[in-house]
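Given as structure tokens, the chain that follows is alone and in the form predicted on its own.
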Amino acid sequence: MSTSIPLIESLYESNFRRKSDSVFRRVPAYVCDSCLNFSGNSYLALQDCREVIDEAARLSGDIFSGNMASRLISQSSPLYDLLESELADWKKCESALVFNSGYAANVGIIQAICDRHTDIFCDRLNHASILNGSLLSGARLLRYRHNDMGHLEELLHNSSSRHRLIVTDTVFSMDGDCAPLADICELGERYRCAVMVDEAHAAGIFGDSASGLVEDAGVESAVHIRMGTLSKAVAGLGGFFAGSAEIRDYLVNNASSFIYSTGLPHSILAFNLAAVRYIRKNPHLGKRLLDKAVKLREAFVSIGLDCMNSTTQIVPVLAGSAERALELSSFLKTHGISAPAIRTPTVPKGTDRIRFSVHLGIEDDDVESVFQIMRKIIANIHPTPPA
């Protein structure tokens, strides 16, 4: 066709600009099993745990297919009830509701509970699903500087809306630092705000029962909505709400991403349930994981790399530009290490980085290997910007 279509042309132009700025995304090729993988989020490596696999097979039986329709339309897998009961008990909440992904959970929850009469107070480094759910809801979005409680209080003080929600990640997925939950909850109580937290990168790792940073901070009674995923430490698929039975009922009736999505396959639910039960029996795994991350982070810092403010299993290394981040990631791949370059717009411009995602499948020898390769990189391509 010879006729130019402005809309289509604008898409091609956008691709060209992204390529020119070194921020064009491509789906990466399959990483061979021999590669040392620091790119995934399966922090406890439960996909390789024989006990979880065997229990998942027992729970699934010979059923592998999906539910064929929305849970509100067609018969639902009985494993949904077992999984949601397990999640609610784990989180010490009245009830839970499983969504098809963490993204769907955040978008669905926020879209359902907020509207144009709501003020949402959102950390600037919150996950994109929180931002998108906020925009979809039509609420007034007020973004406070990352972990800046003074700025958050200023925004709360100036808000005249009766309906207000503070929402934050507990562990920030690209920086590896944690939200000051006690301070956030105190502000929420003082200004009569609902508090919602995203525990995607904290569940399975923090707290005496490994339920997340809310438990670790001792603020269970001050958090009204707890969101989590089943695709990080759990190594399965899905996301979930945990909270009061009344809010669950409200979401069943109003969360579009729940209402209009086909249910998860029976086999996926079986794996999710087996993995959550395993984590609850082995809450010490999170401490082991964090100890591994400390070793890697301290090794990096000892050779002058900037790991930003990471205190968790997510260890970023600042590159400073998209080009540097791509160069560093490519160098690592040639040495058998998969660690992604994280670039704008996922992170603010100038904070492009390599994100090392530590997991229990990594041995001490692997940490030493990565450390030595990073030393070689410093000597050859100088990935860090000058101070």
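Residue numbers run from 1 along the displayed sequence. Note that the structure is predicted; figures quoted are calculated from it, not measured.
Form predicted in complex with a small molecule: not shown, discussed below.
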Answer with yes or no whether Lys232 is in contact with the small molecule in the predicted bound form, where contact means some heavy atom within 4.5 Å.
yes
Are any of the heavy atoms in Ser134 no more than 4.5 Å from a heavy atom of the small molecule in the predicted bound form?
no
Proximity of Phe300 to the small molecule in the predicted bound form, heavy atoms at 4.5 Å:
no
Is Ser173 part of the interface with the small molecule in the predicted bound form - any heavy atom within 4.5 Å?
yes
Only hit among Gly286, Gly243, Pro316, Gly102 for heavy atom within 4.5 Å of the small molecule in the predicted bound form is Gly102
Ser310, Ser257, Ser129, Ser77 - the one with a heavy atom within 4.5 Å of the small molecule in the predicted bound form:
Ser129
Which of 267-275, 154-162, 193-201, 138-146 has heavy atoms within 4.5 Å of the small molecule in the predicted bound form?
193-201
